[in-house]
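As a starting point, one isolated chain is supplied in structure tokens, in the form predicted on its own.
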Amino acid sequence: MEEIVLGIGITALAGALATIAGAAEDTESDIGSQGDPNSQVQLAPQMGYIHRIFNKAISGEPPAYAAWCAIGAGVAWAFLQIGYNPALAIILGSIVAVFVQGIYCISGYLGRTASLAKFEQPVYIDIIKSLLSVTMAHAFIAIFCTVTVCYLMATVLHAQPFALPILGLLWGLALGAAGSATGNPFYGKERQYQNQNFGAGVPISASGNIVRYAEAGERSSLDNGWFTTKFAGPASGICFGLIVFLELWRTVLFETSLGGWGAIVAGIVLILIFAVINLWVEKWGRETYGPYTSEEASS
């Protein structure tokens, strides 16, 4: 009984850390213009729209955060092997990982902007100075929380058979996927194309014509971060937090039942429940709102 209570407590802690990690990951990604909506930022100068967005993407979010979290977990594991305190080891590992992330941010921004030189897209030094530290700070939070979750899984709950670096790779991949799937729509359609009618999608004629001006002056990635922190970040955090919480919850409660198959059965049941909920929400949305119609047509 005591083990179950401890396991539930650690599960709740891991879910809370994962929620923070998801929110920080999506905010970092949106400020740095990484993920699916980045294609429109990359296309904008080619269509004649010069911008001040910190376009640092070198890959999609899942492989990027798989790399950062694997580095953080790997360095932390190395420090743990020589007797470092776990908290200090995780902090040092996260610091090393975030410095690697910062190097890739600079090279990604300079490299992408250099490839757009013939379209007269300049390199803004003030953008690098003002945004690099912001993305690194958010990345540190995401990496630290994820590596801590992996440590709890490996050493306290013994819920995973993998070593800490492998767990960092796997859960970093899941972290990036949660942010990419959940938070990107807010950054893409809701923020980059606020000048389009809501629900109309982005017509081909508007490709690259992203919103480039904020409430005062030209828009930068900090303006995007201000917006997405309110909506996309919490949504991504809840998504990743639920993934981690439900994964550990079913393991802690059902691992020893049904001859060791209890956790697998519980996982299948959860998947079926969420599939039914998703189907119902999509059907309700389509029946309630229907296809998009312009104001002229509806009037």
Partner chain sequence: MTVKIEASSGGMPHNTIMMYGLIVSVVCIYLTYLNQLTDTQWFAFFGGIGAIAALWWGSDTIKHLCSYGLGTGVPSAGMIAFGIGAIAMVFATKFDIATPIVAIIIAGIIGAIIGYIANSIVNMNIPVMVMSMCELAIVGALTMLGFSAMCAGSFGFNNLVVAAGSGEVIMAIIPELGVIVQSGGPLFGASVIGGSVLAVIFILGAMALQHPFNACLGPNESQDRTLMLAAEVGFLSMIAVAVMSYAFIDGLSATIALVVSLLGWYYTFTQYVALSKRDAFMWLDAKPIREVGGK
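Numbering follows the first chain given and starts at 1. All figures in this text were calculated on a predicted structure; none of them were measured in a lab.
There is another form of the same protein, the form predicted in complex with the partner chain; it is not shown, and what comes next is about it.
Residue contact check for residue 250: none of its heavy atoms lie within 4.5 Å of the partner chain in the model of the complex. Contact annotation for residue 232: none of its heavy atoms lies within 4.5 Å of the partner chain in the model of the complex. The closest heavy atom approach of residue 165 to the partner chain in the model of the complex falls within 4.5 Å. A residue is said to contact a partner when one of its heavy atoms sits within 4.5 Å of a partner heavy atom; residue 181 fails this definition for the partner chain in the model of the complex, lying far away. For the marked spot (23, 194 and 291), a heavy atom within 4.5 Å of the partner chain in the model of the complex is absent from each of the three residues. Site annotation in the model of the complex: the residue of 89, 174, 153, 71 reaching within 4.5 Å of the partner chain with a heavy atom is 71. Remark: of stretches 224-232, 181-189, 101-109, 139-147, the one touching the partner chain in the model of the complex is 101-109 (heavy atom within 4.5 Å). Along 117-138, a non-hydrogen atom within 4.5 Å of the partner chain in the model of the complex is carried by 117, 118, 119, 120, 121, 122, 123, 124, 125, 126, 129, in order along the sequence.
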